[in-house]
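Two forms, one protein chain; structure tokens for each follow separately as structure 1 and structure 2.
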Structure 1
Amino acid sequence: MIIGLDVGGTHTDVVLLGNNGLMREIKVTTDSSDLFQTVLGGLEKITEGIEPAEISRVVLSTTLTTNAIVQEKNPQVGMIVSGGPGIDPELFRTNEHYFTVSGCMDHRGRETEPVNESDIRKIADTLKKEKIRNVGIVGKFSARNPAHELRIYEIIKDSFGKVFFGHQVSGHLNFPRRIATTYLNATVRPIHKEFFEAVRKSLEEKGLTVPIHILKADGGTMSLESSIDFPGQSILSGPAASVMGAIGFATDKDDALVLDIGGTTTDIALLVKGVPVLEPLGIRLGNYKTLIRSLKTRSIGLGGDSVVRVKDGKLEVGPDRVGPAMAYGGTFPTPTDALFVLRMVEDGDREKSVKGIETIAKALDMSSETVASHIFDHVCGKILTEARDMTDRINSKPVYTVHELQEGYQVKPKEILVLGGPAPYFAERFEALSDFSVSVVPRWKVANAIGAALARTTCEVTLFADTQQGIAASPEENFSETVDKNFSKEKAIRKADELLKQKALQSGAASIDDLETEVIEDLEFNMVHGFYTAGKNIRVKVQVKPGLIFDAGCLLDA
């Protein structure tokens, strides 16, 4: 059996999957001030009466790290950054305790200026006096050669708790994003570690000693143990759960929109012939542009519980949510109350909804039924507009999917896949207001939790080779070896694939046999010195193909 849990802004969805499909599904109210109790409560309810030995895997998707960054509720960390000639690292300052230092590697990983060890010791003393525990170390070209980052670590390692390295973030060279990503990993690590260690301990006390996985922003999973050192990977895992909950029901012939309508937000994503669109460089969260691999998603402050009000004589919905719909005990009218007035929903107190919508109707001098219809159309229209806008913005640049660059491709979605609690009501209206064919994802109320449960363990590896220097390296994997001038792109791919499989097993994959690997980048350039070829510069990137561990269509046939 497998447990999938997805924390949303309003509800936390939990499912229990077995060989015969969906066995149980529950929703618990999300307490954003105590996500631990929310998660634990959901896990306790879903496992009630189940023998612990029957559960083989737990996958969690939470808003913990996202909330911590957005709300700036993180402990202070130290950042030690070296850039050398060219762009000034000070331009990318992340926080108060941010120090730029001398020492430089060039783009091929050759030292051009050594580390000033005296300066590093002074910085360490300053950070200790400020009682800083976690530190990030970033060099501009550490993805080519991490020697300076490792030297700085040797100098300071006995003075601090956890040290994060820029070279372990990604094989991409983007210096500003590497700084931001290292900083975010360092600053969210304490809250992430405390939360998940508490979850694991609580499960162990109940006899559940099964592997715990975290859903990542790219729609794949990683083990709890791996996530402790790379907590930033769990940022925006909620929208990724929505995508994974829908891809099992998307056609591989046409492009499609995915709309997950929750109580607080609506998450929007695009599929190119059944394959999710990727954010090519990484997540942008607030002011931070990162190298955290992510699906291309958009969250808007519009959901079933968004507050409805009249402002300057005009109808306004959201982006805030104050509580549940009035039909369920809330104090402000919402789109869900409009559905009650229109008699589309009947499992709450319709009279309270009518009273709430009447206040809006009087302000607009309309009947309650007319206003309810306007509210519903307003929400549906705005979601469709945002979805079209997202499509246009994706088409304004090269389109990347999780598998490859679609050079020159124009995304033209013909279908909408809808999930979330009110999905059936919205689906009918979306179809009436647009030219899309609209389908409701099976088990729409908990499809995001199902997507989390079934997501495959994913990871990627980038390997560089410079045959003139006689080096092949993947700094993010702490790998380096000498090679001769005959080292080829084919050999680089084989070595990268070997490293990838090792990484996947360490990240929580069940076995090598379960992995589908693919090459997503392979480049080779001759380096010319005078009139002669002095060597080759090779870069390859491989990944475990994102997807589901089972056929969702067979498992969840509605």
Structure 2
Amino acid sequence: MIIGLDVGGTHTDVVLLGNNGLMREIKVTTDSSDLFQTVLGGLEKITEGIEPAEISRVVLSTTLTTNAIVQEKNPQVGMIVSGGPGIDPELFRTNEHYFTVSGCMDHRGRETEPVNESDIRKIADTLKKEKIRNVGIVGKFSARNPAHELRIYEIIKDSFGKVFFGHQVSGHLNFPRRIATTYLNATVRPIHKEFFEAVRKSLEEKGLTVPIHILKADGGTMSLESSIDFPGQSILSGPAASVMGAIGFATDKDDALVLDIGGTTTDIALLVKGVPVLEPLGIRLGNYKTLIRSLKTRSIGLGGDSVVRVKDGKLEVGPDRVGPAMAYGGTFPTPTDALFVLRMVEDGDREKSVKGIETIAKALDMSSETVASHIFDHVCGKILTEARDMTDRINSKPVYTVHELQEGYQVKPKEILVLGGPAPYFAERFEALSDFSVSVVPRWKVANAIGAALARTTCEVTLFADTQQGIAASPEENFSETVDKNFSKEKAIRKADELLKQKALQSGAASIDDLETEVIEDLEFNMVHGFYTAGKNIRVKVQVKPGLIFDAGCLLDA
């Protein structure tokens, strides 16, 4: 049996899946001041009366690290950043104890300026005096050559706790994001570590010694153990949980939109032939643009509990939420109240909804029913517009080869999958308002927790080779070897694939059999000096596609 748990802003959804499908589903209220109790309470409740030995896997999607970052409750860390020529790295400052140092690598990973060791020692002394435990070290082009980051580590390693390296967060080239990502990993580590070790301990005390996996923003999982060194990967996993809950019901022939209608927001995602679209570089959280792999999702401030009001004679919905719908004791009319007026929902106090919607109706000089219907159309129409807008933006992403521009795949979603509380009502209206074929994801209220439960381990590996310098390397994986002139793109792909599978196993994949891997970049250039070919420059990127460990359809159709 598998447990999936997804912490949301108001509710935490927990499911128990067995061989014959969904066995249990529960919702508990999220206590954001004590997430530990929320998670543990949810796990206790779902396993009541279940033999611990029968549970084989637990997957958790929490808002712990996201909240810590947004609320700036992060402990102080030290950052040592070497930039070299270019934009002044001071402009990428992440925190108080942030030091820019000399030392520089160029775009091919060749040293152009050495590290100044005495400067590093001085910084280490300062950080020690400030009682800093964890440190991040980031160099420009360290994804090409991590030598400087490692050299700095050698100098300071005895004085600090955990040291985070820029070259380990991603193989992508983006220095400012590498800095931000390293910082986030370093700063959320204590919170993340303490929390999940406590979760593990509590479960063990109950006899549950199963592998615990953490859901990531890219819709994949990683083991609790590997998450301790990359805690930043756990941010913003919520939208990914929903997408993973939907993909089991999407066709692999066409493209589709996934709409998760929540209380405060609606999250939109895109599937290309059943596979979710990823952010090209990484997720953005507040002011932090990162290299944390993530599904491309767009969150808009429109949901069942968005405040409805009239402004300058015009209807306005959201983006704020003040409380629940009036039918459930709230103080402002909401789209959910409109559903009550339209008699689409019945399990609340309709009178209160009518009262709320009437104030809007009066201001617009319409009947309550007409206004309720307007409100609903307004919300559905806006969500559809945003979804089309997101599709257009994905289609206008630049490409860099003649071939890609000519053959460029255009995403054309034909289908919409809807999940979240009010999914069935919205689905009906989406279909009426558009040409999409619309369906509701089975178990739409807890599909997110099911998605978390079934998500496979994902990862990505970047490998580059420079046969003139005689190296093939993947600094992110601590891999580097010498190669001769005959090293080729094909060999690079094979090597990268090997590293990828190794990484997936280390990150908690049960076996390499259910990993769907793909090559996402393969470039090979002749490097010409004068009029002679001096070597080859090869860049390869491979990934495990986000997907499910087994077919959700056969689990849930029953």
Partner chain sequence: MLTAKNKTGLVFFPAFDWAISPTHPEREERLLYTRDQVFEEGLFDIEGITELKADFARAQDVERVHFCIPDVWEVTTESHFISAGGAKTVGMAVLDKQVEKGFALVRPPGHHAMRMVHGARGFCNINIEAVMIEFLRAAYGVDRVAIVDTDCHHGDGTQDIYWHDPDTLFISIHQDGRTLYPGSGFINELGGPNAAGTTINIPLPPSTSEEGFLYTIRNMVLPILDDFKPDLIINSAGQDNHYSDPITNMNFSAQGYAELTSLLKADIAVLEGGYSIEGALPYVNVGIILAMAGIDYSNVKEPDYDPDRIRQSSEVSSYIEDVGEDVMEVWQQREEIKAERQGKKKFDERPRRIYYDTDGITERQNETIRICSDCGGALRIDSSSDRRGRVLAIHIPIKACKACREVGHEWYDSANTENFETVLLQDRPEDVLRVKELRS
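Here, rigid core means the biggest group of C-alpha atoms that superpose within 1.5 Å across both forms. Computed from a predicted model, the values in this text were never measured in an experiment. Each residue is numbered by where it sits in the sequence of structure 1, with counting from 1.
- Only structure 1 comes from the form predicted on its own.
- Relative to the superposed rigid core, the position of the CA of residue 333 differs between the two structures by 2 Å or more.
- A movement of the C-alpha atom of residue 363 reaching 2 angstroms or beyond is seen between the two structures when the two forms are aligned on their rigid core.
- Once the cores line up, the CA of residue 442 ends up less than 2 angstroms apart between the two structures.
- On the core-superposed pair, the CA position of residue 406 changes by 11.1 Å between the two structures.
- Superposing the two forms on their core, we find that the Cα atom of residue 303 is displaced by 3.9 Å between the two structures.
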